[in-house]
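Okay, so here's just one chain, in structure tokens, the form predicted on its own.
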Amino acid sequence: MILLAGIWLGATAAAADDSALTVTEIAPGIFVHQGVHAEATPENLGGIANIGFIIGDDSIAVIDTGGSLREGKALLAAIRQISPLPVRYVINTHFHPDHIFGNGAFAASHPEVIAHANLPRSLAARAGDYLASARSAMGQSFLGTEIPNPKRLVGKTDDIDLGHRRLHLTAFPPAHTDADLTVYDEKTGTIFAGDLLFMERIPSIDGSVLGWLKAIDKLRRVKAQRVVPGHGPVSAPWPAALDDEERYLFVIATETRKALANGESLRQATATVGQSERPNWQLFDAYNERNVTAAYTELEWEE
């Protein structure tokens, strides 16, 4: 693997200026920048998710662009240190700000922006809140960042060719969100799972806990060699990388069902459900209660 020198803040945080991000070549022609396990701040520029790019013979595809315009520019600088080929595609794996707010850095090259068919609608409903929250968290570091507007939308599957390098795109029913999209590189057997896979950092349910468990089952059938999670290491062995997340989501679903069967209120459930998982995840206190709330709301209507 090749590690390219960039500006290093904390553990692979985004550069404080527009210098190139540090990226790791995890397989031939596939480069990933690792996000930090933290919330967005002026210091990390919203660089809390794993983002990367794939180089073919003719062009480049970027998979997620980061949490701000400045992080996106730093990603583009990293690309230009490696290849002069055009960035023909920008693929957004879902609509959360840490994955899409860097899109504007690539606008000058007019790439085809690709996303799940549900992304425009879901993002529009949240755009105002996302922008206000990010401006509050990052201040001046967020200047110039805008909401992206993907034009090529994937309802089920799609394929793109970078020049002797085919990428297969798959849209999922509601799971982490209602707009999750994965990218599979046939040449190396590498799958970019977006936030359908969290490692080290606790998963965040913004879609369906049951749908997410079904998505994991479907993902296990992909014949990949390695995976790039949305959060966690730059790559991990497949499919074992799914194990911890699946266990956590199963615990949340099982214990929430039990709480509902016992007539527990939402407040009671959020105080107890999933607590056995506390030692296994970073940012547990920031997200577990939200996850239980999402699961409780979903499962109380289960027949």
Partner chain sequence: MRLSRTACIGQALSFLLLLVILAVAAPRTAAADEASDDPWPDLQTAIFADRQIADGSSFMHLEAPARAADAAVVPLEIKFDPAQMPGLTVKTITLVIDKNPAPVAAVFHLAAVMPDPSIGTRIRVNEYTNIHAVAEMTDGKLYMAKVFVKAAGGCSAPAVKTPAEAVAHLGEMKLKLPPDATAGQARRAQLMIRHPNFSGMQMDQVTRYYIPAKFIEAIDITYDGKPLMSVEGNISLSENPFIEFSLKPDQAGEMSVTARDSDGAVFKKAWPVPASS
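Bear in mind the structure is a predicted one, so any value in this text is a computation, not a measurement. Numbering follows the first chain given and starts at 1.
One more form of this protein exists, namely the form predicted together with its partner chain; it is left out here, but the text below deals with it.
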Does its partner chain come within 4.5 Å of any heavy atom of R126 in the predicted bound form?
yes
Residue-level contact is defined here as any heavy atom of the residue lying within 4.5 Å of its partner chain in the predicted bound form; does G207 satisfy this criterion?
yes
In the predicted bound form, does E25 come within 4.5 Å of its partner chain, counting heavy atoms only?
no
Even though its partner chain is not shown here, does T293 get within 4.5 Å of it in the predicted bound form, heavy atoms only?
yes
Hey, with its partner chain in the predicted bound form, do N149, D178 and L266 all fall inside the 4.5 Å heavy atom range?
yes
Which of P111, P120, G104, G232 has a heavy atom within 4.5 Å of its partner chain in the predicted bound form?
P120
Out of 274-282, 245-253, 258-266, 42-50, where are the residues with a heavy atom within 4.5 Å of its partner chain in the predicted bound form?
258-266
Those residues of 26-65 with a non-hydrogen atom no more than 4.5 Å from its partner chain in the predicted bound form are none
